[in-house]
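Only one chain is shown below, in structure tokens, and it's the form predicted on its own.
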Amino acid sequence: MISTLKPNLKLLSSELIQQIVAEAYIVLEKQGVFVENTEALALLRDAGMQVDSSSQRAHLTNALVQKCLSTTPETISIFDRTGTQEYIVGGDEVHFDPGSAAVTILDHKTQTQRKATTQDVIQFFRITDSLPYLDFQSTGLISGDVPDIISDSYRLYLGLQFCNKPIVTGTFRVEGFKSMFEMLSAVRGGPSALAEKPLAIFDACPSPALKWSNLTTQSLIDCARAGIPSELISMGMTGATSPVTITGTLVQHVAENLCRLVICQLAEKGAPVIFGGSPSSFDMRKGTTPMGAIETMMIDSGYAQIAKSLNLPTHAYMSLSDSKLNDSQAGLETGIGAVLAALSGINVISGPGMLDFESCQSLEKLVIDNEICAMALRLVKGVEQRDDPIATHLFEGFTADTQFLSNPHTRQWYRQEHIFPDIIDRDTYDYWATLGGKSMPTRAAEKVEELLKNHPPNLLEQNVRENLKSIMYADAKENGLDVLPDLGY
């Protein structure tokens, strides 16, 4: 058998990668980075770095960065809620998840955006749990019916109860990590069990350019010591908060990610780190950050290629759209992004379901995007030789009446060679018309209703739910809230 060639995308030459990384090292050592967290500054100072406490600027040497790179795991294992399903994050393994922290939901009936309720968020988790081509869930919607101060822990509280998949999340406040860590530990069976089989990935976002807030840095330190992978989300905007060129933005992106990686390794040697981001092209005409721009996707693919050269797991915000509706723009931007991300071998791809510059989630788009993800994943499996010889034996006794519909070979390989979408339309026009001539968004809305009806909530055991409830209520009461919304079970 001839081995299968996995298709892949590479935008940068090895020489250009080397120069980008070399310039990132220069930036870290000469210009330095701003770190608002006193514990992180102390870690850097203890490691022999030049630190100015008054300006909160730290300068990192090449030697320290390379030392920390050598202790960062090349691959990470993430597990589902039961601890039985393992997912490898690293190499060219590809996993999709809905993007995190949308502030609105697209209401299909009114075609307008609104704040999400607890029930919306529960439905989001239930649908994510039912979609086979989304390996991970995410805390992708913020509940508008609880105070903002507890919205980080509350969305995790819901996700852990209604979806079995590993979860991509993050904290909005320094104090939020404690209750979130307690909930994750309660589900897994204790802190040591959680470190052995991580259930969550925590996003950590700097403030471009080259600045780490107290909140984000503390999240890095807390996650490192708990054995929870940190996903580094640099967000440079070309010509606004990062250099206008793609290569210039890549230099800044690499510098920001390497700084965070160093902080994680100084906090806990061997801490799992994912080299990721959500950078964007900046549209000077509109003052917006188009995630569906091809230049944004080129930046993502470029930094992923650099991260792979450093033997690091990768992440990107791709397979999403800036459109406000489930329209042609939403489909083309999401489809292009999903395919480019998969071809780039990005390990964690966040974005399905997202609209409007990462600010809106759509349940209907989520089920559509699940099929886009299926196509992208099928593509990167490549063309596989199934038989040896490939086909000559199939033409023995060939006549003018030969067909392959009833051939045992067709039955043997058809489902391995092909995927079968549900929302994507492949009907004839006449049959499509007899079914009502429905548009894709309409079919997707019906699919959402079908999944909610036929896919019952994937709930935790009663005692674990009660444990989570006590943790969540304690967090709420500490922040002045005595009652939480009813979850409906």
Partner chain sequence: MTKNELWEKIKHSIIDGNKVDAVALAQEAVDLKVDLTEVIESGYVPGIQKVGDMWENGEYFLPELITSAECMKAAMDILQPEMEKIHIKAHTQGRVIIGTITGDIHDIGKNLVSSLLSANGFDVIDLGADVKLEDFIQTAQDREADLICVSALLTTTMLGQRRLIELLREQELYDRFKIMVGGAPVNRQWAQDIGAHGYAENAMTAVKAAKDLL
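What you are looking at is a predicted structure, and each value in this text was computed from that prediction instead of being measured. Residue numbers count along the first chain shown, from 1.
What comes next is about the form predicted together with its partner chain, which is not displayed.
Although the partner is absent here, Arg415 sits close enough that one of its heavy atoms falls within 4.5 Å of its partner chain in the predicted complex.
Contact between Asp430 and its partner chain in the predicted complex is found at the 4.5 Å heavy atom cutoff. Using a 4.5 angstroms limit between non-hydrogen atoms, Thr112 is distant from its partner chain in the predicted complex. Although the partner is absent here, Thr392 is not a contact residue: none of its heavy atoms lies within 4.5 angstroms of its partner chain in the predicted complex. Residues with any non-hydrogen atom within 4.5 angstroms of its partner chain in the predicted complex fall in just one of 338 to 346, 237 to 245, 403 to 411, 275 to 283: 403 to 411.
Counting a residue when any of its non-hydrogen atoms is within 4.5 Å of its partner chain in the predicted complex, there are no hits in 302 to 317.
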